[in-house]
Every structure is written in C-alpha cells, then in structure tokens.
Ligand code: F6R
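Okay, so here's just one chain, in structure tokens, the form predicted alone.
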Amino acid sequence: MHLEIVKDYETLSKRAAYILASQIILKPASVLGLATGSTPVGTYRELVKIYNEGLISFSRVITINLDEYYGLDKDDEQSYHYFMREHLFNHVDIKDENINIPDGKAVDVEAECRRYENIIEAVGGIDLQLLGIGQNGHIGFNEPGEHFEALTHLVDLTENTIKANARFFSSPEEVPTQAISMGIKSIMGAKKILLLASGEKKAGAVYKMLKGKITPQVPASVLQMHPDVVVLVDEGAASLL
C-alpha cells in the first residue's frame, strides 16, 4: 500500500481527481469503480473542472458504483443514482448505457446481485476503484462482521453507519437500514484501488486499516493484501499515524 498524506481536503480532492483523470488519459475506455458519500464530492467537482478544460472525455468510460440504498428509487434525492448525476454524470459526456449502479428497488435482490457481478465480469473487471472509508472501517457498505462477504450482496447497515449517514436525511428514521453493495472479492478484483479519507473522525479507521491486523472487524484492512493501492489522506485523517 502506498500512503500519501496531503495538507487538507482541497488538496486531497485535486490529487484524487488528477489520479482518476490520468487513468482516463492512459486508457480512454477505462472501467472506473466509483464511490459516494461526502469524501469524493470534491474529487468529482475537480474532475468536472478537468473535463471542462477539455483534457479528458468520459465518452468511452464505463462506471460501476459500489452500492445503493435498498428501497430507494433511482430518482429519490437520497439515492446514489441521484448523487452521481448531481455531482458528476450530469456534467460530463458519459453515456447512460455505460453507467452501472445497483437497482435499489429490485424485487429479486439475489438476481440483482448476480446481474451486477455479471456486469463486472463482462466489462473485464474494474481498472481503478475509488473508495472512501467509514468510521467503523467499512468500504462500500461492507460492514464489520465475522467474515468477509465476497460478492455483491444485501447488507444490513449497522447503527453506526445509519447514524453517520443521518446527516444527509431529515431524521435518522428516514435512513434506509439496508443497501446493495459490492463485496470484498468484487472490490479486491480491481486492478488498482484509490482510497480517500479526510478529517480526524476517520483517523482511527485509517490507523487500523494500515497498521492493524487483517480482520473482517475492520473490512478496509483487507486492502493490505491488494498489490496496487494508493491511500490518500489529509493531515486530519493521518493524525494517528
């Protein structure tokens, strides 16, 4: 794992966008694994700037998002479909047919999970996977547990995750209690991984990910086994290192 520590969130966002843009320049038909949440918002804003400068095109890029809340329609303002349109897709030249996000309203969840895995396989795997990290060490919505979930699956969200995400909703009661998420094997299958963390609240999770033992109690710790990971953190997230 390669660790980069930068001064602040703005610098982190610009550096992350540069890494993603470089991937697109090197391979215009890249398959990008994308994340949601507050951390990558700045990265997507910087990517849009790079696109508007005419330096990159998303016309051949395929995107595969990590997860989606179960029970939310794609047009719900709290859905990750909506998030991605607002922060990235509506502002670049990506083709609708190249955007892949789990269906949060799928009636047959197991079939939806199989469909998603088939998409990843059909496109030849993910070239660069963008990740955030939860305060409890989760990546995607792979929560701490007794074992690693391998493939795309339905997750029961922990109380900590629900509380952490409540800031995006009117009340904690509105936060969905389940999500469809790519599994650990799905994430680890990416050729390259870029993990972002910002702020002192993430410092404990970053420390355990980098310095702790590999355990499903800290899902991000499994990244120690991946051959090509960049961990990009600001000084707050690195404060315990």
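Bear in mind the structure is a predicted one, so any value in this text is a computation, not a measurement. Each residue number is its position in the shown sequence, starting from 1.
Form predicted together with the named molecule: not shown, discussed below.
Proximity to the named molecule in the predicted complex, taken as heavy atoms within 4.5 Å, picks out 30-38 from the listed stretches 30-38, 206-214, 170-178, 48-56. Relative to the named molecule in the predicted complex, residues I133, G140 and K202 are all within 4.5 Å by at least one heavy atom. For the residues A190, V61, L194, L66, the 4.5 Å heavy atom test against the named molecule in the predicted complex is passed only by L66.
Taking the partner from the other structure, the named molecule in the predicted complex has no heavy atom within 4.5 Å of any heavy atom of Y116.
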